[in-house]
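One chain is shown next in structure tokens, namely the form predicted alone.
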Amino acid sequence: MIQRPRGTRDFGPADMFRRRKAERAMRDICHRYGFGEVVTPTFEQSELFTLRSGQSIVDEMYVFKDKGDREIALRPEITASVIRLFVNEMSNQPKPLKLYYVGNCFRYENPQSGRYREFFQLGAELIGNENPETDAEVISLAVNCIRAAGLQDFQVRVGHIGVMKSLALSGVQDPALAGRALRMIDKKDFDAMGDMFDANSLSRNLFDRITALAETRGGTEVLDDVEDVKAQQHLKELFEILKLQGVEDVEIDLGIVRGLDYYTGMVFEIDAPRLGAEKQILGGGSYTLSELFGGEAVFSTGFAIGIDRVMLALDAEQEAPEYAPLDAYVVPTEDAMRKYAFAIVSKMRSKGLRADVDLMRRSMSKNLKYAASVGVRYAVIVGKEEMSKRSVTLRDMKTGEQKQVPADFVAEELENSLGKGAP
């Protein structure tokens, strides 16, 4: 028996019902904010991702040569693909451009809870201008996507990478070393950063200032001590706009760095505390990336939601919603009734009901047992006596209650019983 590859998962109907429900809710929020969906290739030239993230990402990617001897990679994330699409085909469109995506990504890493080799993201990119309004719009979208998915216990943290970058560069003259320091801050690996400072005879006073800044969290009052006036003003205006948009439970966290060179300003993360060590479910910020792919420099703000971690957080927070695969299951009592059964199920499907009919030629009792075992809500029994009166028997599979309804109106009766029709 062939097993699925390590770090991947299979999702059955009940799992996909829950995932699609959360995904549809987040998609709906994206549409309400005026974001249009884009789809990009699952594989790209590997250079697209190394230009974005550096050569170090190669060890995490699935990279291979195609039949034309081109180096191809399964996408480890989707932002680079969206910006490549913008540069190739959309750079002349009016701005702001509001784009969102949903897709699977691949990274070769050690699988653990909340971390897989194939994982799924919903993300958004707003391509336009570097200002507080743009950043607030994206943060508001992200927060409302998480709310719409059903998650209640989450924390929003916002920072500004310019604050930490300017401090690091003020005392570390080598940009490469400063970049290494920022990546260590991103990983909260202060021991390694201390060793690097010592090995390169860098100031311990600067190290202490950086670590103190990385621990700075709170309300907008913490910004009064920020030396970068531009970043300070940007975040204050950003928080004023967020408040007007109904997003108030947000914390300043100047230790958010994101670790990638192309981030330019505001950065933010959303955590689900119930997930423990792997609690981050979203990351994003403002950046410039298009010039790396041959386009003109343009400011963007975006985020990516880890759908897998959102689902784990929902599991930790609430019971899974009941999964009912079918609204109705049509049961013919004998072979002569099968033609009527197919006509009735067809009409119900045309009305938008999830309906099925016996395809196994079971007896009526076995069909009712099957309907109960798979969670069907209503059984529609098509019998000879009922059809002589152009009616069917509708059985509530939860209560066992039955009633006869006209065959021509069974779809409408079901819609009302299920709460899908008019009261």
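Values in this document were obtained by computation on a predicted structure and should not be read as measured data. When you see a residue number, it is the position in the sequence shown, counting from 1.
A second form of this protein, the form predicted in complex with a small molecule, is not displayed here; the remarks below concern that form.
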* To do: Check, residue by residue, if Gly128, Gly159 and Phe299 all come within 4.5 Å of the small molecule in the model of the complex, counting heavy atoms only.
  => no
* Within 4.5 Å of the small molecule in the model of the complex, heavy atoms considered, which of Val172, Ile281, Val345, Met193? -> Ile281
* Structure fact -> If we test each of Pro132, Pro96, Gly114, Gly103 for a heavy atom within 4.5 Å of the small molecule in the model of the complex, the one that passes is Gly114
* the small molecule contact at Phe154 in the model of the complex, heavy atom, 4.5 Å -> no
* Give a yes or no for Tyr263: in the model of the complex, does one of its heavy atoms lie within 4.5 Å of a heavy atom belonging to the small molecule? => yes
* Counting only non-hydrogen atoms and a 4.5 angstroms cut-off, does Tyr329 reach the small molecule in the model of the complex? -> no
* Does Phe86 make contact with the small molecule in the model of the complex, using a 4.5 Å heavy atom cut-off? -> no
* Where does the small molecule sit in the model of the complex: which of 74-82, 144-152, 236-244, 211-219, heavy atoms within 4.5 Å? -> 74-82
